[in-house]
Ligand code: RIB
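Starting off, we have a lone chain in the form predicted on its own, written out as C-alpha cells.
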C-alpha cells in the first residue's frame, strides 16, 4: 500500500517522542521531514531530542530542520512567564518552574528526561531552517502532503504567510492542540495553542482542512502500566527506551496535575494526531464545528473557542474536532510501532 506523505512538526517532549516512534514504526507514513519548534523546551533541546529519537530508532534518513525560539509576534519567555503567573494565581500553592520553561514541570530539564541517549549521535540538523524545509518538501512533492503538528504552530503560521502559493499542496493539517469542552486550566486553553496565539489564528483561518486532537480526546485515550509492560516485553532498544520515557512522563505528569486523579494512567497527547492519519478508523467520535482563536491581549489568548453546540450558524465549520478514539486499538498501534523499530 502506498505510504502517506507527511511532514511532522514537533517540540519533543515525551509525547512527541511517541508520535515519532508511531509515525516511523507504523510503516504507513512517508516522513519527508521533521521540523522542530520551541515549546516543551528551548529550540536547542527540542531539536536535539528529535535527532536523538530518530537516530535511536533507526530513522537517520529523515531530515530534521530546526525552527525558531520565539513565536511569530510574542517572545517565548514572555508567554511562559504569563502562563506561570496565571497558574500561580489560580493555584497559589504552586510555584512557577525555576527554569522559566513551563514544560519542564512535566518533561524535565532537557525536555525529555528519563532516558540516557548515547552521546555519539552522528545525526545533525539540515542546513535549511524549518519553514524553508517545509516549503521545499511541498514544492518538490508530486502529491499533497499532510502536515502533522504536535507543538506550537509557529512554523505553520510562517509557512502560510510566506508561501501562500504552496498551500494547495497541503492535504490536511492533523494537529495536537486546543480543547473544546475539557477544562484543564482555563476554558478553551491548551499549551500548544497558547504559546503562539497569532500563529494558531493564522492556521485555523487558513482554509486548509484541520483535524484537531485536543484535550477532549487526549484525556480519554490513556496508557497504563500494562502498556509499559507490553513495550518492555518487546525486548528491543526502542521498546525499552519508550517504556523508560513513558514511565518518567507518567510520574511527572501526574505529580504536576495531581488534581486529575489519573492513578496509573496518563495521556500520550501527540501520538493521537499521528494515529488518526495512519488509520482514520481509530477515531470513533469527531465533530465538525466553528473554532475561533482569541488574540485580544488577555489571559485567554490562544484559546480555541469551539462552537460545540452549533449556535453560530452563520460561521463556517472550519475544524474537525476529535472527541474519542478506540483506546485499545490506539495503544496496540503504539506497541506494534515500537516493536518494528530497532
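All values reported here derive from a predicted model rather than from experimental measurement. Numbering follows the first chain given and starts at 1.
Below: the form predicted in complex with this ligand, not depicted.
In the predicted complex, residue 250 stays away from this ligand, with no heavy atom inside 4.5 Å.
Using a 4.5 angstroms limit between non-hydrogen atoms, residue 192 touches this ligand in the predicted complex. Contact annotation: residue 204 falls outside 4.5 Å of this ligand in the predicted complex, judged by heavy atom distances. Remark: residue 153 does not count among the residues lining this ligand in the predicted complex, judged by a heavy atom distance of 4.5 Å or less. With the partner omitted here, the stretch from 164-172, 264-272, 238-246, 69-77 that lies within 4.5 Å of this ligand by heavy atoms in the predicted complex is 264-272. Residues 11, 15, 16 are the ones in 1-29 with at least one heavy atom within 4.5 Å of this ligand in the predicted complex, listed in sequence order.
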